[in-house]
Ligand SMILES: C[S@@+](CC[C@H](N)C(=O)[O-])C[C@H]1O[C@@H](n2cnc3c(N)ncnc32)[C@H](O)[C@@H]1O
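Have a look below at one chain only, the form predicted on its own, in structure tokens format.
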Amino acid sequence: MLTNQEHIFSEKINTSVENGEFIKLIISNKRNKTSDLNKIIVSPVEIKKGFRLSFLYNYKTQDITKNYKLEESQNLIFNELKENFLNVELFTANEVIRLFFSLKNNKPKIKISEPTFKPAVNLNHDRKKHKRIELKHNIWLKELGITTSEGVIKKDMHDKYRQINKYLEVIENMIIKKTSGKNLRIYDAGSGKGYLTFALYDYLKNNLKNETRITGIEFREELVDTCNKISEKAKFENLNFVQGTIIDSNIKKVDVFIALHACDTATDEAIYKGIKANAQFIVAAPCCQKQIRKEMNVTNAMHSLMKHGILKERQAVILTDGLRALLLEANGYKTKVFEFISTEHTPKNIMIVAEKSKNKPDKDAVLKNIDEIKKMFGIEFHYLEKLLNENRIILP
């Protein structure tokens, strides 16, 4: 099982390959100085069977080259670090990521620095996905500070740009491909500065030529004004932002209801509004799950585990989002809970995607399961459950 730092490094490898930014990777600094294997250099190659990572094993007397698929390569890299080496450096078009181990305690650390190489040839040309968002002459990217006036991503905005592309990939695979080009009515609750709201509209309008309407809901009036001005400047006719809270917003007809990083119970309010509006899809990326942690009063055998603050916090996150998924299922949705994207600053980033199911749920069984979980952890109520019960959407 990978540590947090190793997991981040693994995600960096995946992202760089996916975006065609992987230049090379070097595994070095032998654990056993008498070993014949000096280092391993990993490079991207295209062969008849498709894209591979080529491992050049540099021995004292010879070099041996072997090609592997990405998943297999990941396992080999971390096995080599565990058994034979202390250091690995990933060189990408945007940064250099170094993972190194201490001889004293064998704990890994990550260091990220400016790029030192530029790729001579894009070996991912045939496999790289089409651009979902154009960089050059894109008004909203420039106005939100993601790109320069020349259409180049700013040094400190590469993570944001990767997040945008990952988000669009998720929406494309889980929603757009299932709606057959339908012009959707989308609400984005707690839209903030609008990075992902603008990205989704741009992708739908300019890439897919879809006349979907998107409304961003944001409490901070200054952000609403700013986003509306940028939308007007970019000539995004069907994208607008309104000032207000999620719970008080007037949602009548909606196909997709989105809430990304709505803090604590604001996520529950967004899911509740989506269920109430009978949205076909509900997308939530929760954060700051505090309500359940305050409710937890564990008196059974698990009490000895919950005395550790960090374990209680993580258990509260699992319970909060797990119960949200169950409550969505009780209301007729199929749910998927997964890690949306990992970065150095947010190693845990959960996304819930719910799709209205054609099958009638066994509501009584789901509610019974929810009650059993609440009793196990001494939870009186989940805020989403409370909202649904108070408004007679779900009756125990």
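Given the structure is predicted, the values throughout are model-derived calculations rather than measurements. Note that residue numbering begins at 1 and tracks the sequence as displayed.
One more form of this protein exists, namely the form predicted together with this ligand; it is left out here, but the text below deals with it.
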Candidate from Asp255, Asp321, Asp202, Glu218 lying within 4.5 Å of this ligand in the model of the complex - any heavy atom: Glu218
Heavy atom within 4.5 Å of this ligand in the model of the complex - residue from Leu223, Met302, Val317, Leu144: Leu223
Heavy atom of Thr245 within 4.5 Å of this ligand in the model of the complex: yes
4.5 angstroms heavy atom contact with this ligand in the model of the complex for Ile292: no
Exercise: His261 in contact with this ligand in the model of the complex, heavy atom 4.5 Å: yes
4.5 Å heavy atom contact, Gly192 and this ligand in the model of the complex: yes
Candidate site Val337, Glu385 and Leu388: all three near this ligand in the model of the complex by heavy atom within 4.5 Å: no
Stretch from 294 to 302, 261 to 269, 307 to 315, 204 to 212 whose residues place a heavy atom within 4.5 Å of this ligand in the model of the complex: 261 to 269
Heavy atom within 4.5 Å of this ligand in the model of the complex - qualifying residues of 276 to 302: none
